[in-house]
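As structure tokens, one chain now follows by itself in the form predicted on its own.
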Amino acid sequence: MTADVIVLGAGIIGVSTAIHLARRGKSVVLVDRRDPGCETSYGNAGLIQREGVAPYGFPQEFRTLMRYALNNRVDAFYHARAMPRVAPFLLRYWWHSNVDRHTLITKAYAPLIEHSISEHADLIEAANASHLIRKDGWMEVFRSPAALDKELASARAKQSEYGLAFEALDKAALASREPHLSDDFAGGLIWRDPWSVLDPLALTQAYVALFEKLGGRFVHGDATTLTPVANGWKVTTEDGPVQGEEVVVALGPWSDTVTAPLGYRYLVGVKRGYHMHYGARDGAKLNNWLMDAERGYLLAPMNQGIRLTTGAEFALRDAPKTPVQLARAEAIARNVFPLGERLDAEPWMGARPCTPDMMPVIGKAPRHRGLWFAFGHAHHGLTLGPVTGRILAETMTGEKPVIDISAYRPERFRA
């Protein structure tokens, strides 16, 4: 089997890249060890975060860091034994999160986010997937008036600089929109621009069907078998070896299994996360995606049930599950909304691939012909899949990308 391009990784990033390459007349084989969309692209919060122009930074204040060090929070948890190996990433992450550096990073990151809705809209229409999408934003709620006021000030700044729309909610307005929520909250805000996804796995599968309609092929295979050959690259699959002139590494947190053997040592960390689905008691209904901002978990009314998603767990990527945050979040969530029974046999766990400067790695590998990278999207993999696929395909085919991608170039790191 031969192709112009092999795309390694059938998450939302790889699938979107494969679509855009196929649209440009390239023969593409998409390779993954599992079915498409079954890793991080399945387990996320289902938000296309148009408002997420500022990537999530590492806390800077000493007092805040000391609170996290106690390891008793919902929004963050760490494995003490993993810290010696995780610390180099965390230190660089903390350094890049300095206010001045984070401001510059936000300006470089925002153009990606600004194209998130429009690029998803293109693929959603082509894939006939509009039944999986809601376009009524998402909600943050706050327990203290001070925290609410701080977030509203930040929202006004984003509105002024990036044209983002939001609506402030006082206690009464919040109760009107979410009548089954407890009265623990002082108010909240609704981000108007983002879209939400009722079933992230089904959306990725719809995009795969579009890719196959364009003539692409998906096969199960082992990305770690990738080897350079005379006319490009070869990888082993269940359907036999596949050879392509070019290859895209879009393996998310597993990208190092391919890049490291080729001599690239990117300092990419993981933020593991968990989810569980629940029913609702006594006819209660959750009307919107809702984040308990001061506790650090999110509730999402998806097709599978109400999905509770957690914050970041800092651990080794392949360590056994430790759903401590999920248990903590569930205990809190049950006090603010009448969650019913758990609907899953066990908690789902995934890993978000994160770079120290909070921006993805997108572009040509510095030392190999025909090797391209698209990974490191952290919390915004679902959000940035289609725009990443477009700008990488444009670059690979000699077009001018819709945005400047120099800030995301692989060679910005010593690799």
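Counting begins at 1, following the sequence as shown. Just so we're clear, the structure is a prediction, and the values are computed from it rather than from any experiment.
Unshown form predicted together with a small molecule; subsequent notes refer to it.
Student: Based on heavy atom distances of 4.5 Å or less, which listed stretch (373-381, 59-67, 358-366, 22-30) is in contact with the small molecule in the model of the complex?
Tutor: Heavy-atom contact with the partner occurs in 373-381.
Student: State yes or no: in the model of the complex, is some non-hydrogen atom of residue 391 no more than 4.5 angstroms from a non-hydrogen atom of the small molecule?
Tutor: Result no; residue 391 lies far from the small molecule in the model of the complex.
Student: With the partner left out here, check for me: in the model of the complex, does some heavy atom of residue 254 sit within 4.5 Å of the small molecule?
Tutor: Yes - in the model of the complex, heavy atoms of residue 254 and the small molecule come within 4.5 Å of each other.
Student: Does any heavy atom of residue 137 come within 4.5 Å of a heavy atom of the small molecule in the model of the complex?
Tutor: No.
Student: Going by a heavy atom distance of 4.5 Å, is residue 237 a contact of the small molecule in the model of the complex?
Tutor: Taking the distances in the model of the complex, the answer for residue 237 is no, it never comes within 4.5 Å of the small molecule.
Student: Heavy atom within 4.5 Å of the small molecule in the model of the complex: which of 212, 222, 75, 149 fits that? Just give me the one.
Tutor: It is 222 that has a heavy atom within 4.5 Å of the partner.
Student: Of the options 259, 325, 205, 309, which one has a non-hydrogen atom that comes within 4.5 Å of the small molecule in the model of the complex?
Tutor: It is 309.
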